Ligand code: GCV
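Given as structure tokens, the chain that follows is alone and in the form predicted on its own.
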Amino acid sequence: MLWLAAVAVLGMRAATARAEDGHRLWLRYPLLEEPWRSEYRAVAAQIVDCSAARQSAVAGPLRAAQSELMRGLTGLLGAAPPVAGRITEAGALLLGTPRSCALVARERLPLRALGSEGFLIRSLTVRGRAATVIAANTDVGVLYGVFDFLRLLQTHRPVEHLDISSRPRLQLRVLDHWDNLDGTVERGYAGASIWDWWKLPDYLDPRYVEYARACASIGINGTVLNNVNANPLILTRPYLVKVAALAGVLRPYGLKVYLSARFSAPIDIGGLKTADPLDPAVRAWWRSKVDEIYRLIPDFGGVLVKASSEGQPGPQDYGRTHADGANMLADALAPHGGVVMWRAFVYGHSREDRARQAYDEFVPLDGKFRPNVLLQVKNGPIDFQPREPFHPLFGAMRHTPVMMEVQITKEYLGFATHLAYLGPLYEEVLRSDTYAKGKGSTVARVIDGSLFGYRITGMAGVANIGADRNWTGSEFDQANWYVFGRLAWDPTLGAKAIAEEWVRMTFSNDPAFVAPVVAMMMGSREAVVDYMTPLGLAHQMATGTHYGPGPWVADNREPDWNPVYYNRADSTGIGFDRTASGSDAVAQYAPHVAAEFSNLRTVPEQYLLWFHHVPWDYRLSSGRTLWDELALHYTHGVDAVRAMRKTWNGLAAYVDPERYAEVAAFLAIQEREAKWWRDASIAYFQTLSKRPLPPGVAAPAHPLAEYEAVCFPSSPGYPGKTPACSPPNPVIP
């Protein structure tokens, strides 16, 4: 423990000597100012060491918890508290499980209801002395408790009379890395993959431990290491040995590893001529492969599968159902306790409304999946748009667990440079009422299992992590990683409260800084919606790259790859009719919700053009015409970004120069690109509406033809190839 303290002190001194670059995320542990430092020292004057803990935590979560506690207290208090064998008069911190610490066992704490990952933090008297106990049923629960305790200190919360009990409401809290074996990251905007497959298993980058710490600090307990568009080589023994090495690094922090499996792997690497899930040889191949994985990684979590979607192989290639494919894998994993996360993102086999396809394919299969299968359902029915109504599968699968998949990386929200805090997006979906069993049947209650009694629950987020020093490409994108973890632990938490935690831990506790930055964050996603896809528009991004506006695009082979497919703009109006007079996708929702969405008078205006084709002169609640309101929304989005820049410009005194300058530069990029979005979109839709712009809305800076000619052949995060630009980039946004 003394060695750990020395390392922590040296690490703190080294950190203060170098410039801030965002690498430490929300785990900076800066020296606290008075009176907080003295107040917390009184509570954490010593750490009580349980002798049994030394024996049970050689390299596990309890040892990680002890190390993190020393690291955090050393940084925050300026010196490591002494480690004592017994409680003295000084305020003491005691951590452990009833099994690892006799003092914890004697207190008979109410731990049973906390399960295998929950924790308790309580102020009490032990042997006549004041103490704070961090206890749990398991070592990993203690680890989560330590991070929660340090969060209290980092955010200046009172710690004298603590009585905190917390347990995760979701069992699987998983990051999905869309990382490829060649080091690229699909839809990644923070550099190359952090997994260096070339150097593994012999060299374990210290960054892997830092990644594990960050995930554990917010309760994430699983990581899918590779892209859902999977390379089958990941399942070969040379790569499985590399995966096993990574699993060994992540294990002490409570993280299980998962792999994306390519459905055709029996053909690709197994030498079979078929991947038919009902073929005995195929089933035997998967059983053998899964057995091999568990011999190398005994706590392997399971597989994520994208099948029969976007050209990926799947059971439908053989006339089989999604249930046939998922159950084959589930049967192989079940003896080992593994799960199958089967993605419900499917399209490409039908000419119907793309928003209908997942529901139409999976609802008839409800109840036909094995108990260890979860359907991984995107938050909305299209594809991670800035705003979508909740997916109709939430509330429709009563006998099959569904886990919600959200995108942390901002594929459709301006990549890394646009400030778009996604907490409000996640919260909006989680609080949406499906009415599946009457009022109060929220999406949160669906995925946490309380509505339908699911035996297994989960939430997944497509990671935004890369090799950049600040991990996510920008400072504020770290907040999206953070809020995902916190909401996956407890979907009832508030996005605003989580934003405040993150700001305090990442930048400053000064109220003069915290209040305006939290307000800026909470309005940022709505700003993006306004300048990109207002009033229920969706998928208006340029083809392939999804970077920049392209509402005019109509030349893609598949209809639903074209933005015009979604906006349906013509001389009469704009919007996709999903009512009974159109695709009737609205009928996939519960009757109460369907009635609300179907009626022009009751549909929330934020979903107006998602469900209705609306005349340009239709009057909205503001009294303005749809055309005027659309133009004003685009303009409001630009104005909101301009206001964010103004807010940030007044905060230089509260932030280190390095991070302040980066955020300022990115906000300038965002304002320029928001104006590009506004101008290009208005220029296109005005050619169809034939109406003048309302007062206060400036005319586009360029003719429509110039916006249509813009292209980006080397956009980051996109594996495809875009046509060469001729001339290249005639308009610089």
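Just so we're clear, the structure is a prediction, and the values are computed from it rather than from any experiment. Residues carry their position along the shown sequence, with the first being 1.
Keep in mind the form predicted together with the named molecule is missing from the figure; the text below concerns it.
Check your understanding: Would residue 578 count as touching the named molecule in the model of the complex under a 4.5 Å heavy atom rule?
Key -> It does not: once the named molecule is placed as it appears in the model of the complex, residue 578 has no heavy atom within 4.5 Å of it.
Check your understanding: Hey, in the model of the complex, is residue 227 touching the named molecule, heavy atoms inside 4.5 Å?
Key -> Contact with the named molecule, yes.
Check your understanding: Closest heavy atom of residue 530 to the named molecule in the model of the complex, within 4.5 Å or not?
Key -> No - in the model of the complex, heavy atoms of residue 530 and the named molecule never come within 4.5 Å of each other.
Check your understanding: With the partner left out of view, is residue 662 within 4.5 angstroms of the named molecule in the model of the complex by any non-hydrogen atom?
Key -> Result no; residue 662 lies far from the named molecule in the model of the complex.
Review point. If you check 525, 71, 343, 486 against the named molecule in the model of the complex, which one has a heavy atom within 4.5 Å?
Key: Spelling it out, the residue with a heavy atom inside the cut-off is 343.
Check your understanding: Only one of 186, 353, 596, 196 has a non-hydrogen atom within 4.5 angstroms of the named molecule in the model of the complex; which is it?
Key -> When the named molecule is considered in the model of the complex, the option within 4.5 Å is 186.
Point to revise | Partner-proximal stretch of 406-414, 358-366, 96-104, 157-165 relative to the named molecule in the model of the complex, 4.5 angstroms, heavy atom | key: Heavy-atom contact with the partner occurs in 406-414.
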